[in-house]
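Single chain ahead, written as structure tokens, the form predicted alone.
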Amino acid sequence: MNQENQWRYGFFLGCVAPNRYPMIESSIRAVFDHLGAELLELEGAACCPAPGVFRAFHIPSWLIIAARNISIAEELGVSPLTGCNGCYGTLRDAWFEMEHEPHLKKMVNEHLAKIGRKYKGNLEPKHVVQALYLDMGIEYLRDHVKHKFKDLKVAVHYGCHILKPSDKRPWDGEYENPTFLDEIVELTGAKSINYQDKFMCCGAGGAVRTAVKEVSADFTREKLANIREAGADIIIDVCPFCHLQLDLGQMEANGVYKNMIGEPFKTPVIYLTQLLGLSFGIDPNKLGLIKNHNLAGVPPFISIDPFMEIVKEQLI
């Protein structure tokens, strides 16, 4: 069998990407297609459900809904794959807990049986980055690089749920100071720069964004200030919710903390597969990097034009 044909996944979209940042979804599809991986549709999938909301209020409901989503991928014989850290946190944590605590799996299946479903637990939920780095491998990705940036300074934002809890993640001990995301970024010729509190939360997690907007914006303000101080040209993330917080959150921090930050924040926020796709030679339109409308109040909230100027100068 051709190795590429083994890379089949059930694409779990989540909520934020299709509703707020469809360009992220488009870039993931374009990159995985380019790499020879097949993304199957998980028809009927629901919210993951959100770990900072559902799990905080009622763990059984959280587990049952997560198991139902995983069971849709199981019917197709593939692992569920998501490009969202929060969805990854839910799907992987639920899978891990049910596989290690049989009474939870039994309880879940008693409820799923009412709607004619069964959770098996034999297929591991994965993140897009996990598929790229662990399934395909860094050398396979390197073989697809056609263009390299000559001078692009990148502030990498991992986010929380892709790394923690460490006992439920696949990163082989890389949890406090991981490098796997930086390694993928630097395949493109970009430089992943160090900045203060690099692994700090974006400010949105744990329902903080919903509950106390000022506190959420303050987290983001500090993160953005550290990124700007380090001289980054762009921010790279791997989660649509982090993306929302770092994009729209810049606008919010510019308003709430305008007397504190001096010059307004304006660092372009780019999803990993958008950067990787450019280096592979994929059309920027397919990566959601070309804005073909003049609508106000829709993403991206921070202009990516400065980044696209760099792309024109260094890649095209």
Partner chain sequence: MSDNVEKYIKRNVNKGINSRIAQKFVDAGLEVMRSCINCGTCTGGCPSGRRTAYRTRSAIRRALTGDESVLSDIDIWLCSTCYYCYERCPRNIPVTDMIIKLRNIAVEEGYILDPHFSLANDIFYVTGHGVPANGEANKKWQDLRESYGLPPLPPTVHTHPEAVKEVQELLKSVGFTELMENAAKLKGERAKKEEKKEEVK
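This structure is a prediction, so every number in the text was calculated from the model and none was measured. Residue numbers count along the first chain shown, from 1.
Only in words, not in the display: the form predicted together with the partner chain, which the text now covers.
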message: Is it the case that E263, even though its partner is missing from this view, gets within 4.5 Å of the partner chain in the predicted complex, heavy atoms only?
response: no
message: Under a 4.5 Å heavy atom criterion, is L134 part of the interface with the partner chain in the predicted complex?
response: no
- prompt: Should G14 be classed as touching the partner chain in the predicted complex when contacts are defined as heavy atoms within 4.5 Å?
  reply: yes
query: Taking the shortest heavy atom distance, is H34 within 4.5 Å of the partner chain in the predicted complex?
result: no
message: Within 4.5 Å, heavy atoms only, one stretch in 180-188, 142-150, 167-175, 123-131 touches the partner chain in the predicted complex. Which?
response: 167-175
task: Kindly indicate whether V78, L275 and D283 are, all three, within 4.5 angstroms of the partner chain in the predicted complex, using heavy atoms.
output: no
message: Could you pull out the residues of 30-47 that have any heavy atom within 4.5 Å of the partner chain in the predicted complex?
response: E41, L42, E43, G44, A45, A46, C47
